[in-house]
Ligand code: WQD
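Only one chain comes next, encoded as structure tokens, the form predicted on its own.
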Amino acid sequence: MKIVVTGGLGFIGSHTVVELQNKGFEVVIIDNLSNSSIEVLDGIIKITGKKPEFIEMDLRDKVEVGNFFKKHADVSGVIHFAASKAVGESVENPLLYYENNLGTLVYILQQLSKKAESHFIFSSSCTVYGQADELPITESAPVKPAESPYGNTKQVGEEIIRDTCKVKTELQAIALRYFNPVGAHPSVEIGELPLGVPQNLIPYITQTGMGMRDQLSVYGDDYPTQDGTAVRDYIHVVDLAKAHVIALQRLIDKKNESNYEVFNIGTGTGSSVLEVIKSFEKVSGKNLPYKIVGRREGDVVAAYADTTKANKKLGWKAEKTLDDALASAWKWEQKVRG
């Protein structure tokens, strides 16, 4: 079966391409290389021994999207990662985010809606919950007003898919709301490659471990958590990639209970920033310099998943630990900077 992976050279996308190819799917990657590197393709080929078809394309071009689906009429599914994802940048440039994250989604769904049957997996996020009233967070938790345009694009993206599925019953879709993806492939051929100063905790930690950054800033130690630092659910990117393939297979096998479903993808365990630092120090054998600074606007106190629904209905469960994830992220950082 031919599956399109948009943003397939990005962090989560590239790991998902690997898992798809390992399961025998034919993969077509669409990526505009705005936040990724063509070298990632070499890493995918080294791991799987197969070269996916790669098309450099900007999905904001509606005509090009139409032409692609005309040419590839045999596409049976799309896993949609292509989106801008930096919270701070979205606040500064909301229109870029709305165009890039929502316009492209609409164009793809318009094309899939013309097909007799199509399968669609959407890269959503736990940001849709904001600061949840109860922990762990279940799929039935209320979606709070978004803290940023980025978060809003995930909420509205889900609404667009849900509304489309109501009238286009031939479209089968699953939105995966995932928590904090971290780590790298065990082969160390692909991993997280942030451009410029990392927006996420783990690459900042590994870059600090390499001496690229003087020290890590810990934003706030006065939260109502076990050690005062913010708590998140860190999921190994390989576990997350596998969840996408399992979700896609659920749709192909017609195991879905409705043509639009939502699943949380996380470990079910919350880890504080200080716990993450300790885990890194354990697996790397390095002392990590850090300083406590003020809280960041928009940061929630704690967020971790209730994964019961994904465990039972998808038959998926996170297998790798925080130590596993940090060990792989550290190996990847050493390779990239070596």
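One-based numbering along the sequence shown. What you see is a predicted model, and the numbers here were worked out from it, not measured in a lab.
As for the form predicted in complex with this ligand, it is not shown, yet the points below apply to it.
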| query | finding |
| --- | --- |
| All of Ser76, Ala175 and Ala247 within 4.5 Å of this ligand in the model of the complex, heavy atom check | no |
| Contact residue in the model of the complex, chosen from Ser187, Gln207, Gln199, Gln110 - any heavy atom within 4.5 Å of this ligand | Gln199 |
| This ligand: the contacting residue among Thr104, Ser118, Thr267, Ser125 in the model of the complex [heavy atom, 4.5 Å] | Ser125 |
| Contact label in the model of the complex: Asn256 to this ligand, heavy atom within 4.5 Å | no |
| 4.5 Å heavy atom contact, Lys312 and this ligand in the model of the complex | no |
| Non-hydrogen atom contact Lys282 with this ligand in the model of the complex at 4.5 angstroms | no |
| Exercise: Arg232 in contact with this ligand in the model of the complex, heavy atom 4.5 Å | yes |
| Segment that reaches this ligand in the model of the complex - one of 133 to 141, 93 to 101, 158 to 166, 213 to 221, heavy atoms within 4.5 Å | 213 to 221 |
| Residues of 65 to 89 having any heavy atom within 4.5 Å of this ligand in the model of the complex, listed in sequence order | Lys85, Val87 |
